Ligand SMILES: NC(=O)c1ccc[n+]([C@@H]2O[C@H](COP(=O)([O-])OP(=O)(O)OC[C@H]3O[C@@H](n4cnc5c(N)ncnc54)[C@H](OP(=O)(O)O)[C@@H]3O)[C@@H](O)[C@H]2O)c1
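For reference, the chain that follows is the form predicted alone, supplied as structure tokens.
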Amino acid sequence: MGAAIGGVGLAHWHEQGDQGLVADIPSGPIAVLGGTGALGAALAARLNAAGCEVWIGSRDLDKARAAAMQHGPAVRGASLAEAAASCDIIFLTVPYAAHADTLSQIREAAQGKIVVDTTVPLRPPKVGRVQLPAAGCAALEAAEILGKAVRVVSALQNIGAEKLGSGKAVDADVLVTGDDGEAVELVRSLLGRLGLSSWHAGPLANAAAAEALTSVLIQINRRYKIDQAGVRITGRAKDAPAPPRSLSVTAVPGLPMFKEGDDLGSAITQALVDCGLTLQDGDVVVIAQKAVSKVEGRTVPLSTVAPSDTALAAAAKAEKDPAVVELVLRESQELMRVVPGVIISRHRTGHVLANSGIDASNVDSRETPTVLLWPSDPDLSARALRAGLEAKSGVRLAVIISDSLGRAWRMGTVGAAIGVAGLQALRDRRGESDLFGRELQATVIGVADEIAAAASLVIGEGAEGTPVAVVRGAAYDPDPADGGIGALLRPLERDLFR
């Protein structure tokens, strides 16, 4: 299906999934009007890197030529009209205040060509507020000024200059609109050559949505301190196979050595921003118990502990420091086993573990021997952290506070949940069917422990210094009521070993 659009030859078109027809990539020169500005310069650089011949157009010829020299010999500087006359595809990247005047200057030169309008009708200082013009959007205004012989396409409003100019992959989609389907697909092919993912979003009037969305993204950037937020189109073709299940576990770097009174939630949020990780709906933030205990002031210098007679007797049997054993007693419902080197207790929260969770690793004991206790209420701590992280990120999350626990009849410790918020600790699959249609009778999954164990692989136990991990893709049941960890704890009457 050969065609020519404004002098640009198209050898053929081909199918690409359900996103429509995609044209061969054009080979002629491309004009970037406003190429001395941030967005225009970034676009010119990306076009140049992709092997395109580029003309930078500006009101100021000297500035245009100086800007072109920054890109190399394949880029030329010219006036607005000369650049438009020399190219069959024209990108308009000027501020909205210069939009109408620029279009008037190139109207004659643009006849029969494609003009890609990237303009957003921002009116400083209220750039975070949607202010669409009377025509409906800037792209429709461009079409009115240029006339019917010009094929106006709208694109790139939601890709920031810094992101575009980085030369790296852009984690965002471009919404492309226009009334001429062939022109839209040719522009999309060119964007693909630049490494940008795009979607045909309908007629030119729909550019109003992309233009308005820019102000929304500006607000999100400001509120959540995001570096150039973008948009992604999700979903899949109806006849496409389901994507493979995947799980990612990412340690959050750059966190400080926490101390009593620190704002743990704010520190996590800032560290996420610093490492470029954006939280998503359904993510689980797993936080090592030690970080929570430290900010809650659960450190205890052993010199401040007076052992009781019971602690002295148990300490002698376990061959442990009587002050530590005293703290074990205070933190437990009962001591279940006391043998040389080992005390197994039922913690006051119901967990069965060694030494009531009391630990001295990664605790500063340079001045005096010091140990760390579990948070007073791990579930309450998880709920508070979840509320803070959700308020800052604007997404639905779950939070797990984890520690490394031993297991009956198994060697070694494994990450386990000691406090949860936002997810049901157990995932009850009884009543579902297996591959052969048989009803599951006893499948109840300790999903909170599974997620905590996965996170422990990147949180570490030694000098890693990464007490927080983000787990993405885990299957769990949300728990708006925040029932906590209790469902994971086996009731005393169902203790099979007593």
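All residue numbers refer to positions in the sequence shown, first residue = 1. Basically, rigid core = biggest C-alpha set you can superpose within 1.5 Å across the two forms. All figures in this text were calculated on a predicted structure; none of them were measured in a lab.
One more form of this protein exists, namely the form predicted in complex with the named molecule; it is left out here, but the text below deals with it.
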Out of 127-135, 397-405, 328-336, 112-120, where are the residues with a heavy atom within 4.5 Å of the named molecule in the predicted complex? 112-120
Looking at A288, V352, V371, I159, which is the one with a non-hydrogen atom within 4.5 Å of the named molecule in the predicted complex? I159
Interface residue in the predicted complex among G192, G388, P95, G230, criterion: non-hydrogen atom within 4.5 angstroms of the named molecule: P95
In the predicted complex, does each of K225, G265 and T269 have a heavy atom within 4.5 Å of the named molecule? no
State yes or no: in the predicted complex, is some non-hydrogen atom of V470 no more than 4.5 angstroms from a non-hydrogen atom of the named molecule? no
Please check if A38 has a heavy atom lying within 4.5 Å of any heavy atom of the named molecule in the predicted complex. yes
Would you classify S456 as touching the named molecule in the predicted complex, given a 4.5 Å non-hydrogen atom cut-off? no
I'd like to know whether N48 contacts the named molecule in the predicted complex, with contact meaning heavy atoms within 4.5 angstroms. no
In sequence order, which positions of 44-66 have a non-hydrogen atom within 4.5 Å of the named molecule in the predicted complex? S58, R59, K63
State yes or no: after fitting on the rigid core, is the Cα displacement of A38 between this form and the one not shown at least 2 Å? yes
Quick one: once the rigid core is lined up, does Y96 have its C-alpha move by 2 Å or more between this form and the one not shown? yes
